[in-house]
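The chain below stands alone and is given as structure tokens, in the form predicted on its own.
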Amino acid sequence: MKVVLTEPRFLKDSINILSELVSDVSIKFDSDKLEIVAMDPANVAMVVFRLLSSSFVEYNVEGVETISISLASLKQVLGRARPSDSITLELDNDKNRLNVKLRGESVRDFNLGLIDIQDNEQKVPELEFPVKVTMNSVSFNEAVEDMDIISDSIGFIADQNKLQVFASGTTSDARVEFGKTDETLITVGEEGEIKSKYSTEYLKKIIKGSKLSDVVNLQFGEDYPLQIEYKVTDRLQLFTILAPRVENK
């Protein structure tokens, strides 16, 4: 297995974001893509990252190859990549290592030991979301950061005309409202309001995906998981499925 990437940010930035939520991961290479599917240690968030074969200038993968590696180690190496460098990933089966080559003004070689992960392969759940919102990722970031001032949980309310992001503390509350515009698309498949709450701590980590795309896709339901997706057409997809905070009624 050997793959070569000439736009380091696609892998570098994505691994930085993933490392906020998970530590050790399995990376699957097949004929179409590099894929990581992992659950955070608290089982609150699942992350799915796909870097398509069309992102690479060379993509030589026979069948399916799966390796397990420490994200912290991989993040450190990729952090050394300059924007103009190319990144080559090559599997050394004999030594059970991943060779990472950074090629620019110089050629730098790093060999990372592979690890064993006992967990079974993670499967992405099939979910149906009544609410779908496409909006500017920076605007969404600002809404999350605004609510972080107030509470450790952030609520979403959607109806046919608007999305509200809100937070309530002991003595304070805050709310941001987004109406339908050319930049904010809102689809609600049910009548009335749909409401759900999620962890502020996790949302603050997930929204770093805005480094990858100016647009974020949100999908959720009533006291139902929230899916936050960033994608670059024909290049990559990164999405997180976040469990809701369900309050006792």
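In this text the structure is predicted, and so the values were computed from the model without any measurement. The numbering used is simple: start at 1 and walk along the sequence shown.
This next part talks about the form predicted in complex with a further copy of the same chain, which is not shown.
Interface residue among Q76, S84, N161, N93 relative to a further copy of the same chain in the model of the complex, by the heavy atom within 4.5 Å criterion: Q76. At least one heavy atom of F110 is located within 4.5 Å of a further copy of the same chain in the model of the complex. a further copy of the same chain in the model of the complex is not approached by Q118, whose heavy atoms all lie more than 4.5 angstroms from it.
Interface residue remark: V124 is not counted as part of the site for a further copy of the same chain in the model of the complex, having no heavy atom within 4.5 Å. Interface membership of E142, defined by any non-hydrogen atom within 4.5 Å of a further copy of the same chain in the model of the complex, is confirmed. Residues of 137-156 placing a heavy atom within 4.5 Å of a further copy of the same chain in the model of the complex, in sequence order: E142, E145, D146, I149, I150.
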